[in-house]
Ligand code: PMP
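Here you get one chain, nothing else, as structure tokens; it is the form predicted alone.
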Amino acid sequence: MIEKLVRKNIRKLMPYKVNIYDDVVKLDANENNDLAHGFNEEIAEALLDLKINEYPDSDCWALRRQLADKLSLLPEELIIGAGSDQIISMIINAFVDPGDNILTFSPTFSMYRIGTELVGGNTYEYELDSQFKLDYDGFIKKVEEDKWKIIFLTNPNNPTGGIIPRHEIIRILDIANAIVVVDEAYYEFYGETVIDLIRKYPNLIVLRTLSKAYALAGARVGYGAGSKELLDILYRVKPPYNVTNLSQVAAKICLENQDMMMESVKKIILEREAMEKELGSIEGIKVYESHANFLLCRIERAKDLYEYLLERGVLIRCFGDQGPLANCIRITIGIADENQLVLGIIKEFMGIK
């Protein structure tokens, strides 16, 4: 009986499930293991002064002012969410009616499609080529069809690690009659941004997160930057008190320690480059160029390798044997010892002594 009451557009949706394993080296979710406990003492000390009985600052004014100073923006040009996922939902809820269309590419972050399906919209995914590169001219032609409410661009892209050059994003912004969302969740590992363009393009919103480089995934804090006109609309659909007191305090401490984060990012990039070289030298493994804190690899028997690693205490991401990511795995770049461990197990699996 209950199933008959469910909204038609979500009956076929599957819940987002995360497998939980104890005592594993966790390299499946693009977290920053280098800073796993980096800010804990300062956060714990700051929480002692917190009045947990009080509701949080609903619009995160203190956090927005702190971010605005770092980004050379106005607090009014920022919105804070419980992870950038929540801001993606706000954008979709604000602009997509049932039957409306959004444009993105594939493969990319699945929440754009899922969020759109939840409100009854349609998602068009422009396929990346065999090397997971975007055909910019072909994509531009799709943008010109002028039937889109939102265009989502992930830069760097998850799960491929690829990028869209700034000048290509500007080409899209120059012709788009839609909200253009540039998701820069992995910005710190890449260094190129379009956040400085939000005043020139009032339909642009740039998303960032503290979950990746800042190692704050457990607190769920993300932010969006856009024109005041655009953000005024998002604030209409933003849930009140959406970011907890605890998360706002943790975010404040992390942002105060930006130098520490940047040192960690440098180490991760060096580890990524070393891992890319080592894995790329193994016959039977195709490694794709990455500008994030992970590597996407294609390998026969990918699922068998996933199980082999898991049996030996290492968890990575496996994408199965169907679709454009068939036989692909994604390995988060961990600390040096973790990276050597996973590399050694892969070589063992491949029969390399």
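We number the residues from 1 along the sequence you see. Quick caveat, the model's predicted, so the values are computed rather than measured.
We do not show the form predicted in complex with the named molecule, though everything after this point is about it.
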(request) With the named molecule left out of view, choose which of D85, E276, D100, E168 has a non-hydrogen atom within 4.5 angstroms of it in the predicted bound form. (result) D85
(request) Name the single residue among Y126, F109, Y201, F95 that comes within 4.5 Å of the named molecule in the predicted bound form, judging by heavy atoms. (result) F109
(request) Find out whether any non-hydrogen atom of F132 is located within 4.5 angstroms of the named molecule in the predicted bound form, and reply yes or no. (result) no
(message) in the predicted bound form, is there a heavy atom of the named molecule that lies within 4.5 Å of any heavy atom of Y186, even though the partner is absent here?
(response) yes
(message) My question is simply whether S211 lines the interface with the named molecule in the predicted bound form - judged by any non-hydrogen atom within 4.5 Å.
(response) yes
(message) With the partner left out here, check for me: in the predicted bound form, does some heavy atom of R220 sit within 4.5 Å of the named molecule?
(response) yes
(message) If contact means a heavy atom within 4.5 Å, which one of 115-123, 255-263, 229-237, 153-161 is the stretch that engages the named molecule in the predicted bound form?
(response) 153-161
(request) Note that the named molecule is not shown here; using its position in the predicted bound form, name the residues of 114-136 with a heavy atom within 4.5 Å of it, in sequence order. (result) none
